[in-house]
Structure formats: C-alpha cells, structure tokens
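The same protein chain appears twice below, in two forms, each given on its own as structure tokens and labelled structure 1 and structure 2.
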Structure 1
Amino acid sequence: MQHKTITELEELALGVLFKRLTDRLYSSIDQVYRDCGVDFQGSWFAPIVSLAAKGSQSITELATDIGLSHPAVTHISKQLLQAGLIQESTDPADGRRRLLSVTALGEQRLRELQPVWDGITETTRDYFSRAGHDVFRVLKDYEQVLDSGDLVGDMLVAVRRQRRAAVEIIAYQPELAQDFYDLNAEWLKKYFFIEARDEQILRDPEQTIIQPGGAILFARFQGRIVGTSALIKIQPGCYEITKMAVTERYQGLGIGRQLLEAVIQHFQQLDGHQLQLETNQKLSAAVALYQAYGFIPIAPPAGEKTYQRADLYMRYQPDQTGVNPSA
C-alpha cells in the first residue's frame, strides 16, 4: 500500500490545515495585543464587539451570535466584567436573563483598539492580495455551502458508496471452504445451533452444493472474505438460497445486499424459474432484505422440516412488489 504524506492528502487534511491556520492567527493576534501594550485578549474580541454592536444581549443571545457555547460565554463575560469592560443587569421583563452591555470604560477601550484593529485588517488584506485570493470571501462562501448542506449526511452517503465499490463478489474455490464454514458457523452459533444438515453442507460444500448444479459466492472486502451465500439446485429450474452470512464486524456495509443481488443474478443466468428460501423471523435484517428484493412469504412445505430453526418460507416474485430494492 502506497501511503501519502500529510501534505499530499489534500482535501482529507483540510481539517488539519484549518486547525493550523486558526492556531496561527489566534496566537499572532494575541502577540500583537501584547506587543501593543493593550490589555486585551483574542477571546474577548467577538463578545465585546457583538455587545457594542447590539447594545445589550443576554448570555444565550451572545453565545449564538458569536458561535460559542453558553458556558464559554459565561466564562469570558466573567473576565470582561472583572476588567470593567462590560456590565451586567437583570432583565426587568425576565428575571432569568442577565443582560450584558459595554461600559464607558469598554467603549473607551474599543476606541483605543480601533487603530490596532485597523492595522490588523490592513495587514490581513495585504496578505490576501499577496496570496492572490480573497480568503475571507472564499471561506464565507464555503461556510454558506456548509450551512445549506448536510455535511455529515453527504459524507456518510459517499462513504457507503466507496465501501460498496470496495466489495468484490467472487466464485467458490476450494481454498475458501474453511471461510464458508466459519462464516456460517458464526451466525448459527450466535442465534441457533449447527444442525446435522448444516454440518453436512458446510463440511463438504463441493459435493452438496457445487456438484448438484448450485453455486457458492463470496464477498471480499480489503482482501478479506467477509461474507458468503449459496444457491442449491433442488430440482431442474428450482433453486434455494441458503447459507447466507456476513461476518459481524462488516455488517451494515451493504455486503448482504450485494451477495443477494449476485445470487439472484446467478439464478437468472441459470434460467431458473423458481427461487425460494427458508429463514427465521429472528433474523429481521435478513428478512427485510429478502422482502425488499421481492421475496414474499409462502406456506411451509408439507412434510418434515429441513431445519429446525426455519419458521418463515419465502419465494422470489419480483413482479408483484413495488419496492425499490436499492432504497
């Protein structure tokens, strides 16, 4: 695997880059305050300017205006009160609210800071023109896109697509016999137990499935075999889906869906006309998946049960469902 260095990661390292620039700007501006001999801190800037602009605000109003949590605003306002730059008064109309406003001393300090801020603004503009971009404008545009979209949701969709693209469906090979056993033993032991017929099939899949004209498919994800599904030929043109398993660690990635699609596709290539399966209500995720792909419940077949755990029998009838399987 060829790794990339941090700087080569581009968009992925955007957060790191943002953080670096934030730290840099904050410490530079604090340094300027110190060197200018003004008693002021970077964290005071947003609150006091917001208060000066809007007259007087409560803790919560201030917090939403400057984009901090209210405990943070409580903390900073304590410092500003102590420095005498703001004053507090309880709202006569609402005893819970503590109204903050800038004092005369605060106004005076703001006037004193004006040339400092003008200098900082001037330098910032100068650096923007040297960089060839109006960085502020760009960031504001970006923020607006973030506001209008659902970043986390969109990322999750993209991740799901990427993960799906990383899953390969491969055919049976003798080396995979052990995987076939292990994957099925995992869920059988978890929910039920390994019955005699399970043991027979899992121990010798070539004789029990492949030879009679069935198939076994596997899902490979990042080099690992993470899921499987089998198609057993019951009679000519009549098949059964069985031994479908996805290892727990990789469930929720749509691997089961891909296996089912592949198995149905294989059934169609074999020109089968009937496809059924036996399952258990307990396996609700699997049942939901079968339904989404057009399997409908049918009456249990006559005679003795093949598997003790079976309590739901389904048949593939895609035309009668209006369900979109990729939803």
Structure 2
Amino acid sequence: MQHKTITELEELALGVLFKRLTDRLYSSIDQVYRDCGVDFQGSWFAPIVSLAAKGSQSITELATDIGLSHPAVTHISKQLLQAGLIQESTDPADGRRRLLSVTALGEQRLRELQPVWDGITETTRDYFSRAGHDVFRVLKDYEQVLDSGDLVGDMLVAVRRQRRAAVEIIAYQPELAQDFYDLNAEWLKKYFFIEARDEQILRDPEQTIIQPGGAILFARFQGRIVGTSALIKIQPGCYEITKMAVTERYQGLGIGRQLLEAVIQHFQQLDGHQLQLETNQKLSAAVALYQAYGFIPIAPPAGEKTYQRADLYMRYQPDQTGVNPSA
C-alpha cells in the first residue's frame, strides 16, 4: 500500500489545514500588534469584543457566545485579567457567580486597536479577493452545515459502510482449515470450553461439514481471515448454522452481520426450508443479531444435547418477526 502525503489527503486533512491556517493567522496578527506597539494578542480578540458588546458575562456565557471551550476561555480570561483589560466581580443576584467585564483600560485598548483592526480587515478582504472566493462566507456556510448536521454520527455511518465494503466473504478452501479451528477455539475457550463435538467438527471440517452437503464461509478483511460461519446439513432441506466466530480484535465492525447474511443467502440458494441454530443466552450480542435476522426461540429438541453449553434453540422464521435485517 502506497501512503499519501498530507497535501494529497485533501478532505481527510481538513483539520490539519485549518490548524495550519489558524496558527499562521494568529502568528501574523500577533506580529502586527507587536510592530504597532500594542500590547494585545490575537487569542484575546473574541472574548474582549464579546464582553464589550454584551457587558458582564460569566465564563460559561462567554464560552457559549464565542464558541470556544470553557477551559480555553478560562485560560484567556486569566491573561486578560492579568493584563488589566477585564475585571472580575460578583453577580449581585447570585454571590456564587463570578462575572467578567471590560475595564476602563480595556475600553481604551479597544479604541487604540480599531485602526489596527480596520487595516487587518482591509488586508484580509484583499487576500480573499486574490483567492477568487468569498472565503469568509464559505467558512460560515460550512459552519452552519456543521451546526445543522451530526458530523460524528455521519462519519461513523460512512466508516461502517467503508469497512463493510472492505470485507470479503469467501468459501472454504483446505488451506483455511486452521483458521476455522483457531477462530472458533478463541471464543469457545473464552466463554466455555471445547467439547468433543466441537473438536470433531473443527479438526475435520471437510468430512463433517463440506462432504455431507454443508458449507463454510470466511470473512477476509484487509487480507486477513477474521471470521467464519458454517452451515451443516442435518437432512434434506434442513440446515443448522454453527461455528460462527469473529476474532475479538475485529468485532464491532459488522463482520458478524455480514457472515450471517451470507450464510442465510447460501441456505436459500440450496433451497433449504428449515434453518436452525443452538446458542447460549450468555452470548447476548450474538443472540440479538440472530433475533434481528428473524430467528425465534423454539423448544429444545428431544434427546441428548449436542452441546452442553446450549441453552437456547432458534429457528429462522423472518416472516413472523417483522424485523428488518438492515436496521
């Protein structure tokens, strides 16, 4: 895999670009303040302007007004207090509440800064014009889109979609026999133990599953086998899902869901009429997944149990559940 540089990543490096531009602008503006002989910093601008326009405000109100974090505003306020540009007082209506306001020195500093800000504004507009875009309007529009959307949620949906697309479901091959054993041994040892029936199936999957008319599917993610599921033929038209496993490191990526979809689809391609499984209620995530895809609890079969750990038996009857598998 050939890696891209930061400049080639474009949207993925948007935060890096914004940080680089922000640092550059703050550095340039602070240099202007120094060259003009004004004791002021670019990071002080938003808090003191907000206080001058709205009067006394608490730290929380000020943070909300200018859109910065509470810790950031607290830090800047301490600097402004030390510089004598703002002052702190007690709220007459609530003695526990501290208010910030601009001092007389702060008001004087704002008047001194006005021509400096006018010059900065003029230059910024000129640079925007050179860029060929109304950059400020574009950024404000982007901010509005961020405010109206759910950026984290939308990103997670897209990530899940991309991860799903990166998963390949492949059929059994002899060289994958050890993966079949290892994937299942991992969860069996974690929650239960490997029973005699497990050992029989896992040690010879071709004899116990493939040759009698069943199937074994694998999930391959980024070139690695990370999950598996098997379909055992019990009798003509009747199948059982078994040995479904996703290695712990790759759980939470929707791989189990894709394996279950694939094994159900394979069952349908075989014109099967009955599909069942045995599980344990302790495996709550797996049980919830089965239920979401139309498996309902049924009475335990008569006779000796296939697996000692089994305490829940389910049958595929999606028409009776009304559950949407894609939900």
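The model shown is predicted, which means the values in this text are computed figures rather than measured ones. What we label the rigid core is the largest C-alpha set whose atoms superpose within 1.5 Å from one form to the other. One-based numbering along structure 1's sequence throughout.
J.: Given structures 1 and 2, which represents the form predicted together with the DNA?
T.: Answer 1, the form predicted together with the DNA.
J.: Would you mind checking which of Lys54, Gly37, Thr74, Arg257 is at the hinge, with one rigid block turning on the other between structures 1 and 2?
T.: The hinge between the moving rigid parts is marked by Gly37.
J.: Just how large is the rotation of the smaller rigid part between structures 1 and 2, in degrees?
T.: The smaller domain rotates by 10 degrees relative to the larger one between structures 1 and 2.
J.: Fit the two forms on their core, then tell me the C-alpha shift of Ser89 between structures 1 and 2 in angstrom.
T.: With the cores aligned, its C-alpha sits 3.2 Å away.
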